[in-house]
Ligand code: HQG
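We begin with a single chain expressed as structure tokens, specifically the form predicted on its own.
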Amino acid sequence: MDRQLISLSKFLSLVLRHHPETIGIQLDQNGCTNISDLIEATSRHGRQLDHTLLMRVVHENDKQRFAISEDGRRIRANQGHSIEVDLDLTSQAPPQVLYHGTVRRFLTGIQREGLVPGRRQYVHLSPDERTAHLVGKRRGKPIVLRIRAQQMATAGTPFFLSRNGVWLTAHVPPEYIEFPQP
């Protein structure tokens, strides 16, 4: 994806996941807004956006951050919201192990509290080590944690699978995390 699309993707992530008010749009209870409203508001706030460019951002984003409604008229972020939205996800049985990419400076807190969503609605977990490695790499030298997801689910913790393949859960207690040996 070229620089213009990356910049626009980051901007749309900010608007659709955290601060829709920055461009004067509203999200419904499921985090959706009309595409035409988004294009108009984005353009009013100094960013070039048309339907074709928006579709490129949606379809060329390797993380598949956004989803278009079946009728093609609405858009939302798939996950990662810091504002309360109902993503209309159904609880699913996770695989035996999921992964979480992080960096060393967060390990002490994770060992003490587990994985917490922070400002987001959910903790994000990856289906494979490679993806978790890439996630952790955004903040420095990555460390990949193994999460005993199936054990958590058996103990009653719900898991959800977003449209773009990211596993979500409310909290991962430290006893379900396999930390790398020093």
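Residue numbers run from 1 along the displayed sequence. The shown structure was predicted, so the numbers you read here are calculated from the model rather than taken from an experiment.
This next part talks about the form predicted in complex with the ligand, which is not shown.
Taken together, the three residues 19, 76 and 160 all stay farther than 4.5 Å from the ligand in the predicted bound form, as judged by their closest heavy atom. Contact between residue 28 and the ligand in the predicted bound form is not found at the 4.5 Å heavy atom cutoff. In the predicted bound form, the ligand sits within 4.5 Å of a heavy atom of residue 135. In the predicted bound form, residue 139 approaches the ligand with a heavy atom inside 4.5 Å.
Taking non-hydrogen atoms only, residue 110 approaches the ligand to within 4.5 angstroms in the predicted bound form.
Note on the partner interface in the predicted bound form: the residue among 146, 56, 120, 45 having a heavy atom within 4.5 angstroms of the ligand is 120. Interface residue among 38, 67, 115, 152, judged by heavy atoms within 4.5 Å of the ligand in the predicted bound form: 115. Contact with the ligand in the predicted bound form, defined as any heavy atom within 4.5 Å, is confined among 47 to 55, 120 to 128, 152 to 160, 29 to 37 to 120 to 128.
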